[in-house]
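There is one chain below, alone, in C-alpha cells, taken in the form predicted alone.
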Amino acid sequence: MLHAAALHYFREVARSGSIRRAAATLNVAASAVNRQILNLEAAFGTALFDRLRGGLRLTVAGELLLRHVTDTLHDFERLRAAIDDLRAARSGHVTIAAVDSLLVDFLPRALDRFRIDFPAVTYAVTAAQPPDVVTMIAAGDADIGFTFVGQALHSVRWIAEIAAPIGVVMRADHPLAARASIDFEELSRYPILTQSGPLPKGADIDGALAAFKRSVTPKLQSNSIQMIKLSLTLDMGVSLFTRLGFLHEIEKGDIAWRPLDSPGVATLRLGLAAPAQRELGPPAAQLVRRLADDLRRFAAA
C-alpha cells in the first residue's frame, strides 16, 4: 500500500508540473518531494513524469497513477469525515415524531439497537397524527419522523419508504384469520375496534374504505394503539392497521394480519422524513442512516 505522504506529494507535483513549486505549496524541502517521486518510480519500475525543459509532464503510467491517487485520497477524506461524524454523534439529542403504530414495536427496537453504538444519545419521541408529522419536521419541532407518504412540503424530504397497506388485525384464532384476504362485507359481520383520527394520507383515495368507516359503529374507539392491541387479544373485535404496530405479536403467533381486498389501501406507503433545507446534527444523521436500513430490511423480509 502506498504511503499517504507519497500520494499527496505525487498529486501536487502532477498539479503544479514542478517539484520546486510542489515543495513550496506543501511547505517541505524539494529534495523530500523529489525522493518520494523517485521512490514511486522505482516501485513501479517506470517513469511517472517526462522531464522537460519547462517542467514535468505525466507519462501514461503517471496518468493511471494520478487517477488512482485522486480516488484513494477522495475515499480517505470521506472516511475521515464519516469517522468525525461518528465521534461527534457519541452524544446529543434527537427529536422524533411518528404515527402511533411505529412507537409500539418498530421504533423502540430500532432505538435499542442504536444505543449499543451511541449510548449517550437522548431522545424525545412524540406520537402524532399522519399529517402532523411532516408539519413538525418542517417547523423544526422534530428532527426526523415516520408517517404515511403523501405530498410533502418543500422543506421536507423522504429518506426511505416502504409499502404499508392497511389490513385487518385480529387474534390468530379469529375466523377471519383463515382468509387470504378480507372484503368489507366479511369485515362488517364482526365488532370493529378503531383508532380515532383521520385516515392516513393516501387512504382517502380508497372510497370503499372511507365508506366502510362512515357506515360502521365501532365497538371501541381509542386514540391509544396499546388499548386497541389489548382489546384485540381479549377478542373484543377486529381492527384496521398496518403490520408495523404488531410485529412482535405477529411473530409470536398471537395476532394475525390479513390484507384488505380493496385496491386503494394497497398503494399506501410509509416513509422516513427529514428536513430538506436544514442540516441534521451528527446523532440524528447517524440515526437516519440506521432507520433507513431498518426499513429496507423490513421491506425485504
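Only a predicted model underlies this, so the values are computations on that prediction, with no experimental measurement involved. Think of the rigid core as the biggest set of C-alphas that the two forms share within 1.5 Å after superposition. One-based numbering along the sequence shown.
Missing here is the form predicted together with the DNA; even so, the following discussion is about that form.
With heavy atoms only and a cut-off of 4.5 Å, decide whether R35 touches the DNA in the predicted complex. Judged by the heavy-atom cut-off of 4.5 Å, R35 is in contact with the DNA in the predicted complex.
Can you tell me whether S31 touches the DNA? I mean in the predicted complex, with a 4.5 angstroms heavy atom cut-off. Yes.
In the predicted complex, does R278 come within 4.5 Å of the DNA, counting heavy atoms only? So R278 does not count as contacting the DNA.
Can any non-hydrogen atom of L58 be found within 4.5 angstroms of the DNA in the predicted complex? Output for L58 is no: heavy atoms all beyond 4.5 Å of the DNA.
Just one of 240-248, 49-57, 62-70, 256-264 has heavy atoms within 4.5 Å of the DNA in the predicted complex; which? That would be stretch 49-57.
Using a 4.5 Å cut-off on heavy atoms, what residues in 17-31 are near the DNA in the predicted complex? Stretch hits, in order: S18, I19, R20, R21, N27, V28, A29, S31.
Hey, does L48 budge by 2 Å or more at the Cα between this form and the one not shown once the core is superposed? Yes, shifts by 2 Å or more.
2 Å or more on the CA of I19 between this form and the one not shown, with the rigid core superposed, yes or no? For I19, whose C-alpha is compared between this form and the one not shown after core superposition, the shift is 2 Å or more.
Determine, after fitting the two forms on their core, whether H248 shows a C-alpha shift of 2 Å or more between this form and the one not shown. Moves: no, less than 2 Å.
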